[in-house]
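One chain follows as C-alpha cells, the form predicted on its own.
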Amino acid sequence: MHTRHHEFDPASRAIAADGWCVLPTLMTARQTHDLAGECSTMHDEQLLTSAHVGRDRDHSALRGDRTCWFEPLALSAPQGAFAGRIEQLRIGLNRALMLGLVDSESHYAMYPPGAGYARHLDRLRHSDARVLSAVFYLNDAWQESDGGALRLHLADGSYRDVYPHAGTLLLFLSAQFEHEVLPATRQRMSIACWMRQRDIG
C-alpha cells in the first residue's frame, strides 16, 4: 500500500517525539527578504510598539522587543505569503498529530541591541488556546557571535540554543517548553506565531 508523503511529515515526527523542531525551508529567500524589509520599514516608521505580557497586555521589564500584530483581514503581500505557509503547516500537523488546531496569530518582533525576553512559557494565564509556538527569523548574515539565541529549556534540565538566522523556523509545544531570548549585539527581527485550538481553559 502506497503511503502519501507530506512536506511537513518530518516536523510532525519531531513534534511527536521531542515536542520541538527546527525547519529551514518554510519560506523562499525572497519571501524572507520581503518580510525582513517590511519589518525594518515598520520599525523605522515607528509602527512597532513596546511589547506587553499576558492577556491583559501589561508592560513588563521581562521583555524588550517592539511588536506589530498581523491583521488577518488586512495582510500585506509578504504577510499573506507567510500566513499561507503557516496555514499549510497547521493543516499538515493537524493531519498527522490530531492537535485540533483551528487558527493562528502572528506578530513582528524587533529586539534592539541588548534587549531580551526573560524565561517564560507561551501559554496565557486562564487560556489553553495556544498549542504550538512558531518563531520565524528574518536576520541576514547572522553570526553566533552576535548572540540573540532563543534558548529552549528541555525537560532533562539541558537547553538548546537556536540562533536567529534568516529563514529558520523554530516550532515547539507552547505549554511544554520554557524559553528565553538572549540579548544580541545587533538588531534582531522575527515573526512570533501561535497555532491555536479552541479556548477551553
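On a predicted model such as this, the values are computed, not experimentally measured, just so you know. From 1 onward, residues are counted along the sequence shown.
Beyond what is shown, the protein has a form predicted in complex with a small molecule; the following relates to that form.
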With heavy atoms only and a cut-off of 4.5 Å, decide whether Trp142 touches the small molecule in the predicted bound form.
no
Does Arg63 reach the small molecule in the predicted bound form if we count a contact as any heavy atom within 4.5 Å?
yes
The small molecule contact in the predicted bound form: Ala36, any heavy atom under 4.5 Å
no
Does any part of Arg85 reach within 4.5 Å of the small molecule in the predicted bound form? Heavy atoms only, please.
no
Heavy atom within 4.5 Å of the small molecule in the predicted bound form: which of Ala166, Val135, Met27, Leu152?
Val135
Name the stretch: of 70-78, 85-93, 117-125, 98-106, exactly one has residues whose heavy atoms fall within 4.5 Å of the small molecule in the predicted bound form.
117-125
